[in-house]
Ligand code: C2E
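Encoded as structure tokens, the following chain is the form predicted alone, with no partner shown.
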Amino acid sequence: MEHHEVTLRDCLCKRSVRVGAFQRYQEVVHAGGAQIFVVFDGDEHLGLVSDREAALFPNRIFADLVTRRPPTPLHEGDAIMHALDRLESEEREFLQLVDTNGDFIGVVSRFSIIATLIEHERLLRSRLEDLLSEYRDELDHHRIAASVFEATSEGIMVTDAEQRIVMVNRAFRETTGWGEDEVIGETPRLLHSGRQDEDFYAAMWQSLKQTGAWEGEIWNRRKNGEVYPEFLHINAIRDDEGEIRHYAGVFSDATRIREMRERLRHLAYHDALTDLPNRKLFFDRLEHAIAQARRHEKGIGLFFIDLDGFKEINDTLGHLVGDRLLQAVAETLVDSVRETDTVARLSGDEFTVFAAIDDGEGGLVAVAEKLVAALNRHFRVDERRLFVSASLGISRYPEDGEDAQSLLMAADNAMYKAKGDGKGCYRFYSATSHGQFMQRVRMTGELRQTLEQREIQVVWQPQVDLASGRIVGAEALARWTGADGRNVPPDTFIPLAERSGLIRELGCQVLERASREIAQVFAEFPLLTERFRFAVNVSPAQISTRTRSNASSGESVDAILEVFRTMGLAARQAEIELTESAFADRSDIETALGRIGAAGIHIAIDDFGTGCSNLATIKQLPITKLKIDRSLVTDAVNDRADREIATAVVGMGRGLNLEVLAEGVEDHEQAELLRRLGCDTAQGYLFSRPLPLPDFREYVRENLRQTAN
């Protein structure tokens, strides 16, 4: 083909045309190529762009041009067409240039010759490189944004102003099960579960229109029909004129969070080991049952059940076996009563059952005999056949009491009568069973005398760093030897002390004895790590906001601080432990704990995970440690639910910058699991049983020797 020289101006139209959005592409230049688009605006040369370069522009305007033909005749391009006719080109195609709104911009000519444009080559090539670099940066920005949009773990859905879906990401597709091609053009109604009514959605859209945002929990439906909860945040996206163009919804599947929340709520009212109602739920249900019985003039029977010989099994075979035996007993009790009856575990090996009765004492006897027969047998636990029996005490509403506490005390007294009569049997509450109550009164007197003579002892259970095996602390545990020379278990005398009002004095003496003994240990082993702390259990009744004048009674915080000063101990070396239930009424101890924390004493929540957890309490009070209850540790290796809860507690503790200690660690598998989860320290029979002071000092000596390197 012969090349003809022609000036660019010869090809320009003298009439002015609108350029609209195309002004941002001024001076688009040509770097070479077979096809060239010449763009004109009036008598000004806008630029030259090849096919290859046109494809690089993000709005694809040039790619659209090559497939579009102008109307005939061209309304605003006649002069240009006339000028271009002067070029002796065998291939010409004139296309109308429009923007995305359809407005006319100009005319381009596609032709296969290059006229006298060589003189512009250097300028054009340089300008093109600058422009293409700018567009490449813009493309990179869009590409990064698109990658983040697609890769984020939260589901994202974008709709237009009419609520038609225009874009979804990978997390949306994975969570809902809907493919992109299945939802584009649809409305979010596709996901509605039916759990929220029209008023709910009306309020949502009203909020969006008024404030431009909405967030909350909503139930949606997956493609497979499964309904699930999600946390959803919606924002309205406006243009430069303030008009809403799109809505962007970001959501996360709340199924696991709700399950964990329900699990924690369940634990607040259920025993963690057996999953039976705990003491709190038991009293709530019994009070409700009494109110119903009073209204309808019905009767209620309450059975107080205590296992015979359980302590020996627990002491000789270990707590793990004991716990599994309790679980088997709980299952047996549930299977032995009606669904309308309530079975609860109060503490240790004490259970209760209450039921509405219509046939008087005969009905109670039938239930009691069934329970005794079900429990007086061998239980198979870990390939062992363990025999236990049960002693039952029975009280009746309204004959033996008109409130929950009175009925429980009466059944408790009757249970002691059953034990005194040979165990493995049941007895009704009567005046004669009151003798069992008198026995407890006698024990209370003995405990009072022991405290007056300051004969309460303590033993020490080491606390070990899971990573290094080094001892980093020890818990002081109270021990009491009765008048008959036998050791009274803590789960017997501590409740006795609480009921009799002796718990304050008991706690004060344990604190003093523990402080005196640990001071001797520090003097003998100055190389104990700075991290070492000794822990003492404190009853909520032992802490109050009373004045300094009452400190001698053990009721004030000043008494605790005075003990440490007297023994020459630094506050940072001490740690007080309160059970999780102590925080149920935070107002009663908040000020005292604030003073304790301000003094530098560490504060631990004992038995965490078994009471009514209030996370706000942990955040707002000066808590420094969480002690995971042994019931959550026992089956953590094999039980997924317990492992998930332990994982959550450890994660929460570390997130709040709290130390986490696991109780009841009895084997290496448990210790290794806890270490992997990030648990800091542990105590349990794997490391040592509770030890009297001489044995504990020997343990410390040996541990420091073994971990010296």
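Note that this is a predicted model, so its numbers are computed, not measured. The numbering used is simple: start at 1 and walk along the sequence shown.
Just so it is clear, the following notes concern the form predicted in complex with the named molecule, a form of the same protein that is not shown.
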The one residue among 478, 372, 321, 623 placing a heavy atom within 4.5 Å of the named molecule in the predicted complex is 478
Proximity to the named molecule in the predicted complex, single hit among 407, 538, 353, 168 (heavy atom within 4.5 Å): 538
In contact with the named molecule in the predicted complex (heavy atoms, 4.5 Å), from 484-492, 389-397, 304-312, 276-284, is stretch 484-492
Give a yes or no on whether each residue among 510, 630 and 685 has a heavy atom within 4.5 Å of the named molecule in the predicted complex. yes
Is residue 461 close enough to the named molecule in the predicted complex to count, meaning some heavy atom within 4.5 Å? yes
Would residue 607 count as a contact of the named molecule in the predicted complex, using a 4.5 angstroms cut-off between non-hydrogen atoms? yes
Is residue 663 a contact residue for the named molecule in the predicted complex, using a 4.5 Å heavy atom cut-off? yes
4.5 Å heavy atom contact, residue 577 to the named molecule in the predicted complex: yes
